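For this one, two forms of the same chain are given in structure tokens, first as structure 1 and then as structure 2.
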Structure 1
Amino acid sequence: MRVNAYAALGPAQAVVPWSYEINDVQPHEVLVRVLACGICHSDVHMIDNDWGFSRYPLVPGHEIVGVVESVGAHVQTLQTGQRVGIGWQRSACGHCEDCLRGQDHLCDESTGVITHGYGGFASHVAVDARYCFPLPESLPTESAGPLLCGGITVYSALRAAGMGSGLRIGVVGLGGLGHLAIQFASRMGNHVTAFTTTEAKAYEASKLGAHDAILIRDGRPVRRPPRPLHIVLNTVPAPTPTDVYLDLLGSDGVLCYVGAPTTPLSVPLWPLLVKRRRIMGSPIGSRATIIEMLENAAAFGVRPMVETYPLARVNDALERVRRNVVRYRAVLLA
């Protein structure tokens, strides 16, 4: 079949109508008709070849919601007509140490939907059925897609950093990642402190579930939380002073990065040593964690705030993402 898509034909170019053929659905794959697809900053990085491995024509889109239209001969977990979500990951080797312990998102041979194939700015997408997830009925189509990238990124990081319930958690930044982290952390029974740069965003954070909001001035919080934090999740890509946020943590506290700073971190040893604190980073999440995240998003009412656009206005939506004016995720509708 012919797939109608939007593709970047070279670095930093606008996406244009483009099509390609899918001859056969492979035995382990499913063919999904795209209903909606979120736009992530990673799509922009891939369009611009910021990471140096983009391949053109490049069809972006890895926050996909769609309906299964056909299944490969070896697929037993999905059926035609099911509504499903697809995130960043396309495949993994299945036999390395990481894969065997259920952490296939950390596999050295992991591939991405848009790094090793064509993504969701399209009418259809063919993907490995293992990385195609049935969606709870209560998750709306237009807002489920961002959970498959932004949602799982913050949820997996918080879980890996030790989040359960009854903890004090700080979230640095209120954007596409931060607004989801606040919801997951607070609605799962934790006391959440948001760190943000404006009064308007501080008010927004409180509406999303933050119990406290502390303004950042000249890169530093204007005050300390009343009690030490157990986890600080940094969601912003701009450089931030590690010593400041380490100092807000109690003993055994974790400073976790999901936003990638553009410069190397400068890390003082003493704040780590004296309180046994640690710094970690986290990518997306395993298949099991994605399923858990979707179930909890449905159960606790975690919803991305989205702006929707028809697919034909994809370049308008991409431009708003580039300018960082979307509140807080842009979603294309078929």
Structure 2
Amino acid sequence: MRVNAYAALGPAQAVVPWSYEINDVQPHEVLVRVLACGICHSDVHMIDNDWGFSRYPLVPGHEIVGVVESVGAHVQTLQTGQRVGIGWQRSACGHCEDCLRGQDHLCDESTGVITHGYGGFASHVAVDARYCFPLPESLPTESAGPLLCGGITVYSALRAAGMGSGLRIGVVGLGGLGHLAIQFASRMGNHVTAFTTTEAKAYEASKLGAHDAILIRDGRPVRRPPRPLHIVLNTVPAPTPTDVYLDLLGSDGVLCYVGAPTTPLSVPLWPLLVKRRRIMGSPIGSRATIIEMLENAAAFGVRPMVETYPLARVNDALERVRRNVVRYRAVLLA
């Protein structure tokens, strides 16, 4: 079958109509008709080849909600007509140490929806059935997609950084990822401080569940939170000063990066050493954590706030992401 898509044909270019053929759905794959697809800042990094491994034509889109249209011969867990979500990951080896301990998102052989194939700015997508997740009914089609990359990334990172309840958690950057981090952290019983460069978002942050919001001016928060933080989650796609956020952490505090600029971190050792603080990074999340995250999103009322666009207006939506004016995630509708 012919898949109608939008693709970037070279670095930093607008996406244009482009099509490709899916001849056979592989035995372990499912073919999904796309209903909605969020625009993650990673799509922008990939279009621009910021990370140096983009392949063109590049069909972006890895926050997909769709309907299973056909299933491969070996697929037993999904049925035609089922509503599913698909995120960044396309497959994993299934037998390495990371896969065997349920950390398949850390697998060396892991492949991505848009890095090793064509993504969701399209009529259809075919992926490994293990990376298609049935969606809880209460999650609406047009706003569930951002959970599959943005949501799982912040949920998994916060869990890995030690999030339970009763902690003081800072979230830097209130975009697609950040607005979901605030919701997960606050709804699961933590005290949340939002750090934003956008004045209007500082006023809106309480609607997302933040207990405090602090403006960033000239790269620095204009004031300190009243008490030291246990975790700071940095979601910013551009370089930010490390020392400033380390300094807001208490003893054993964790500074966790999910935002993915390419410039190396410059880290002073002393603030780590004297307070036993740690710095970590975290990619997406495992299959098991995706299922847990979707259940908790449904149970705790975590809802991506989205602006929707018809797929034909994809370049307008991308432009708004680049200008940082989206509240809080742009979603393309079929």
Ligand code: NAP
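Please read all numbers here as calculations on a predicted model, not as lab measurements. Residue 1 is the first residue of structure 1, and the numbers go on in sequence order from there. Think of the rigid core as the biggest set of C-alphas that the two forms share within 1.5 Å after superposition.
In this pair, structure 1 matches the form predicted on its own, whereas the other structure does not. Put the two forms on the same core and the Cα of residue 249 is off by 2 Å or more between structures 1 and 2. Core-superposed comparison between structures 1 and 2: the C-alpha position of residue 102 differs by less than 2 Å. A movement of the C-alpha atom of residue 269 reaching 2 angstroms or beyond is seen between structures 1 and 2 when the two forms are aligned on their rigid core.
Relative to the superposed core, residue 199 has its Cα moved 4.4 Å between structures 1 and 2. In the rigid-core superposition between structures 1 and 2, residue position residue 216 carries a C-alpha shift of 3.1 Å.
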